[in-house]
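Just the one chain here, the form predicted alone, laid out as structure tokens.
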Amino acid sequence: MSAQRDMKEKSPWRTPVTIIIITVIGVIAIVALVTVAVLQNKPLSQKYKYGIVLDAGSSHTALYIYEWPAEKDNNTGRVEQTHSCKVQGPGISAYASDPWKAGESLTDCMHEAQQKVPRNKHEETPLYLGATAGMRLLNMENSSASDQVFQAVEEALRQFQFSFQGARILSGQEEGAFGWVTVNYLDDRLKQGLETTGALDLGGASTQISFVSSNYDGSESPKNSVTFRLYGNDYNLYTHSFLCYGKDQALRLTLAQQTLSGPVIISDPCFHKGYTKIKNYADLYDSPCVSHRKPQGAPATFNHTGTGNFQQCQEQIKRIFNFTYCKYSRCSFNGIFQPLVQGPFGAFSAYYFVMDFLNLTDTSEPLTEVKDKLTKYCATLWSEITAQHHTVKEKYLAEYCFAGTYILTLLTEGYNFTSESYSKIKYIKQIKGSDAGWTLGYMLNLTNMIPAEAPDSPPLPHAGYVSIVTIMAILLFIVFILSIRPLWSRCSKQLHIV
């Protein structure tokens, strides 16, 4: 009995020092395991890039700020619009006689951009200005004036700390294609590989149609073909831009058809009955789209009066399209190849603003009902229209009958939408907080040329993390076994006594 007591007292597992050491090792192992797990799984701070695009259109300029994570999906940054600013005044092409004012007009929105983009990101944030149909027309008419406007714009934009990448005129094909990218990107159709949506864009000076057709491989009219690779998928896109067929220039074309003989009075079915205004021939024909048609010996002014007749207005508008020749298997108008429209379409810019004002954005309504509503609207007296919409500027208010009729005529007669395919058009202003238009698609495409930053990584690689957790777990298991070893002796002793 004395010998057993001596062995018990001499056992190293029963000494206070040993117990303290085992306890300390166990606590350290537990603390280390918890610390490693917390640090390894701590949420990583996301890095963001920013980009600024100025859309210099024919009627106005708008600034858009985009943000996307530095880590990219399949070489395509996930871009979102975070801010927009409408520049006060007309488009930059209107400043041909005072180019410096074109640059000056942009400064207020640029100051807003300085506030919206984090200061430490200014120098690395790319800044682009893309000009569309208004500057295309000015460049056609007076290339020297166009160059001076761009020079003034560039001087103004270089005063800011952003990484200015230049100002240029986008081709009509680019404008249409990037608009298509925007619509499909915002609907997540590109990332998920879904059926794509066509894009219909209507500006003041041009209009674009872009869509993927299963019957078009780009061989019949290569100039109308654009290929994109986004999110690992290839897209062969049909796209065409019609210069001079934007809403404002189309109105000039329609009026030019009615003033070929230089009359003093024009009775216009596209304006409300009771509307009358004295207009200058010089102003009407002050555009490359119609300047060559100005009648000889015309008086200085003409009296523009409205008669408000939808059917007659549509007949006038049809005359600005040429359907008499087509060297391809099929055409839209003016001899331009176009496959049959296919799939759903998103219609934005002036398409949306005009049809929204007219309460005609619900395309589930039969096309015949849409025409009936527009017929009634155009037949409404001008005095009633002004009373109902007294807050709308007269210039815009007077043109809605024409604009609505033009949109329906362009879609059904020009692009060959039927009653069935028209119902697949969706008039859109924004998608998921981003404005529909070419700028987001442009920015999205440019992110493929901006190197991705190295993402923040966990403190340990995955293999190292697993190894440390395993070692700590084994160590805790050993400590646990050692801590209960005295119980083994006690149990063994009790069994021996029995």
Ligand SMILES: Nc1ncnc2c1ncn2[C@@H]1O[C@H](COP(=O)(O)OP(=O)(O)O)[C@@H](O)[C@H]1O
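All figures in this text were calculated on a predicted structure; none of them were measured in a lab. The first residue of the shown sequence is 1; numbering continues from there.
From this point on, the text means the form predicted together with this ligand, which you will not see here.
Enquirer: In the predicted bound form, which of 314-322, 156-164, 382-390, 201-209 comes within 4.5 Å of this ligand (heavy atoms)?
Expert: Of the options given, it is 201-209.
Enquirer: If the cut-off is 4.5 angstroms on heavy atoms, which of these, Tyr396, Tyr235, Tyr231, Tyr281, is the one near this ligand in the predicted bound form?
Expert: Contact with this ligand in the predicted bound form is made by Tyr396 alone.
Enquirer: Could you tell me which one of Gly404, Gly134, Gly414, Gly103 places a heavy atom within 4.5 Å of this ligand in the predicted bound form?
Expert: Filtering the options by heavy-atom distance leaves Gly134.
Enquirer: Look up in the predicted bound form whether Ser59 has a non-hydrogen atom within 4.5 angstroms of this ligand, and give yes or no.
Expert: Contact check for Ser59: yes, within 4.5 Å of this ligand in the predicted bound form.
Enquirer: Do Asp268 and this ligand share at least one heavy atom pair within 4.5 Å in the predicted bound form?
Expert: Asp268: no contact with this ligand in the predicted bound form.
Enquirer: Check Val226 for me: does it contact this ligand in the predicted bound form (non-hydrogen atoms, 4.5 angstroms)?
Expert: No, Val226 sits far enough from this ligand in the predicted bound form that none of its heavy atoms falls within 4.5 Å.
Enquirer: Hey, in the predicted bound form, is Phe353 touching this ligand, heavy atoms inside 4.5 Å?
Expert: Within the cut-off, so yes.
Enquirer: Check each residue of 154-182 against this ligand in the predicted bound form and list those with a heavy atom within 4.5 Å, in sequence order.
Expert: Heavy-atom contacts within 4.5 Å come from Glu175 alone.
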